[in-house]
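Next up: just one chain, as structure tokens, the form predicted on its own.
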Amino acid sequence: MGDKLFSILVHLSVLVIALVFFAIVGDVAIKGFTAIQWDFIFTEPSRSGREGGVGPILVSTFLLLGICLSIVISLGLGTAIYLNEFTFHKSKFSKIIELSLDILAGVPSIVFGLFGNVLFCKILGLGFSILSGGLTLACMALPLFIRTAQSSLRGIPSEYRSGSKALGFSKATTLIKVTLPVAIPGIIAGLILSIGRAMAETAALIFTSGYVDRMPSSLLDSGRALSVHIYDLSMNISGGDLNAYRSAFLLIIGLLFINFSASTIIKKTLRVEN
């Protein structure tokens, strides 16, 4: 009786999650996909976004995401490697860093936005710009990516490192040839979560990258992210609901494409290793 009840609860939980997912995606797809046209992707918005498309906004979003990922991958992976491969796991320094990362991962996005506004926009003099927004997104995504990558590295059996050492490989060679290839699926999973948080972020970007919806000419130009555009159309612009649904549909398609691409990379990596 207990096993049957447990099985029912597990299946019910999965059903509820699936229903919520299909309800959200279905609503956006029905109202967004049926009204979307190709010129919506390439044209500039007009009448505060009520008409026109999202061409400049997509460019700003990709630039913000590119800045964020370039920092997250380089600094985040380096930090995860240092914490797992070059420090003793139970040392005070390691514990302090890990605790700090866990706290930062739970900090609300608006706090990161205010921090980015003070540090990047004012103190560093970058102003409301794509660069300020990308750096702020990187600060948000780094804790999650570092902890995920660190967990993936820590889950590799110690025999892998011992066997590599017994063969005379250096620590760097072991890391590049043995450790990182095995940890790639977990690292990519962390990267997917980081991309999802960065692409869907609104509060932090309002205070850093700004609202401007024209085509950016440089990274120091202000730019509106797709998530900010959706928020503005749905909350502040009368008659902007239709374009908000169109923009939300494009955002979901982008997230699904990134997840599908990452899953394909993971499968190919595991197939090569096997």
Partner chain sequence: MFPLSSENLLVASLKFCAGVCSGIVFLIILFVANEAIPSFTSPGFTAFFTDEAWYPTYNQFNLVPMIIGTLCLASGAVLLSAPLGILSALFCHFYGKGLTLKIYRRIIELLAGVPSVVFGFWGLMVLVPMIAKIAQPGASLLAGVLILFIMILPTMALTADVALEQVPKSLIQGSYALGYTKTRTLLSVVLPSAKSGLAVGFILQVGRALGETMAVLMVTGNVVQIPESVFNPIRALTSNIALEMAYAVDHHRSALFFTGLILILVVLALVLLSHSLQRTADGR
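Keep in mind it's a predicted model, so treat the numbers as computed, not measured. Residue numbers count along the first chain shown, from 1.
Heads up, the form predicted together with the partner chain isn't pictured, but that's what we're talking about next.
Partner-facing stretch of 36-44, 213-221, 236-244, 52-60, counted where any non-hydrogen atom is within 4.5 angstroms of the partner chain in the predicted bound form: Heavy atoms within 4.5 Å of the partner chain in the predicted bound form occur in 236-244.
4.5 angstroms heavy atom contact with the partner chain in the predicted bound form for V107: Yes, V107 is a contact residue.
Close approach of V28 to the partner chain in the predicted bound form, 4.5 Å, heavy atom: V28 belongs to the contact set for the partner chain.
Any non-hydrogen atom of K92 within 4.5 angstroms of the partner chain in the predicted bound form: Answer no; every heavy atom of K92 is more than 4.5 Å from the partner chain in the predicted bound form.
Interface membership of T202, the partner chain in the predicted bound form, 4.5 Å heavy atom rule: Although the partner chain is absent here, T202 would touch it in the predicted bound form, with heavy atoms inside 4.5 Å.
Sequence-ordered residues of 202-231 touching the partner chain in the predicted bound form, heavy atom within 4.5 Å: Residues within 4.5 Å: T202, A203, I206, F207, S227, I230, Y231.
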